[in-house]
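In the block that follows, a single chain appears as structure tokens, in the form predicted alone.
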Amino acid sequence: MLSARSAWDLTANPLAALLAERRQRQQPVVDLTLANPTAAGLPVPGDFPARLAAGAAAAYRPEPLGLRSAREAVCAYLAARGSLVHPDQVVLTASTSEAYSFLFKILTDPGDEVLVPRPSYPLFDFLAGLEGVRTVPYPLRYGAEGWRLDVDRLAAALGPRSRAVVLVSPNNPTGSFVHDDERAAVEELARECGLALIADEVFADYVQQGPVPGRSFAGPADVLTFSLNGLSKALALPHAKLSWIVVQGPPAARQEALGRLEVVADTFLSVATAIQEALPHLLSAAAEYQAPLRQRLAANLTCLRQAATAAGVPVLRCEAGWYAVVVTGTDDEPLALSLLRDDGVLTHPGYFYDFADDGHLVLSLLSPDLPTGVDRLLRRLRPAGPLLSGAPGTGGAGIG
């Protein structure tokens, strides 16, 4: 009676089961997996509720691509970041997940394939599976320059049913951008094989280290390219429920894609009027909304790097984003389970993100409790090492 594409294994994994047990017993948890900025104790500018309420009073105007004023606000936001986009190239959606759903609908048929990076956020398998589409992984590899896209392995993964390549820049959880040389190679593959590019850029405003090594995919492109972003990360407002797709590429392909997206968007009309009406003000105040989060991320990353350096524990280089990867030198899941059971610290083992090798934990730099959690983690990894409070401000050797 029920579909095969929703036949997921709903059994809780051991970490989720242990967390549920701990919370049922009302035992405290230091959560280093926190992804919800509204639960991170960050201040939100006080005018947000008023702006949303004012938008809610507006008349309903069901425009499939989104209100023109809202799409113009997206263009202004992108222009301030170096990408010139026309409002007619912008499609509003309720979330980035919905944007993926719309794109899979217009780019693929059931049984087709989309290529996705590994390691990366594990949601792609669910989003593609709900459309009857298969994901095929291609690897990111870590070396002296940090994380880089393995273009040769990407090319080898292409098949007759490949339809699109997903690029996450910056990636979650590696924090790595798609560099310009990597982009050029992937675009060449896309031209040769008739592929579309889907670039997820939701963390692009949160640069952690050095200059940005690649230009935004929201700008002009020679192949059909879709750039995704939204308020969930850009303004730390996941409850605002608004994201966008920017469509670039050769004019004929771009216009056909936009026409198809308009039909899909008109079928759902999922973006609320209130947030669209509020969007011009919200995006014009992006710096104000981002400032507390930027400060939290920078402070936590500095804290982690200094403490880990003092303890001799590597932290992989991250160029941007909300996460950091710690190299533990031991099996992921047993360590994560023991940290939660014995130290009350919740982390994500690397295998959640399909790391090729064992020995990684992913930590959220958003967490207000990161210093406490890192102290406990480093005590477990280096029982004789210094505590966080005594870590010198070195931030150097062996750390990305």
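Owing to the predicted nature of the structure, the values given are computational and were not obtained by experimental measurement. Residue numbers run from 1 along the displayed sequence.
Although not depicted, the form predicted in complex with a small molecule is the subject of the following passage.
Residue contact with the small molecule in the predicted complex: N172 places a heavy atom within 4.5 Å of it. Proximity of E319 to the small molecule in the predicted complex: non-hydrogen atoms within 4.5 Å are absent; the residue sits far from the partner. Although the partner is absent from this view, F203 contacts the small molecule in the predicted complex, with a non-hydrogen atom inside 4.5 angstroms.
For the chain shown alone, V168 is a contact residue for the small molecule in the predicted complex, at least one non-hydrogen atom being within 4.5 angstroms. Though the small molecule is absent from this view, in the predicted complex it lies within 4.5 Å of a heavy atom of just one residue from T96, Q248, Q208, N300, which is T96.
Here is the short version: of Q89, S243, Q276, T225, the single residue with a heavy atom within 4.5 Å of the small molecule in the predicted complex is S243. Of the candidate stretches 232-240, 267-275, 106-114, 189-197, only 232-240 contains residues with a heavy atom within 4.5 Å of the small molecule in the predicted complex.
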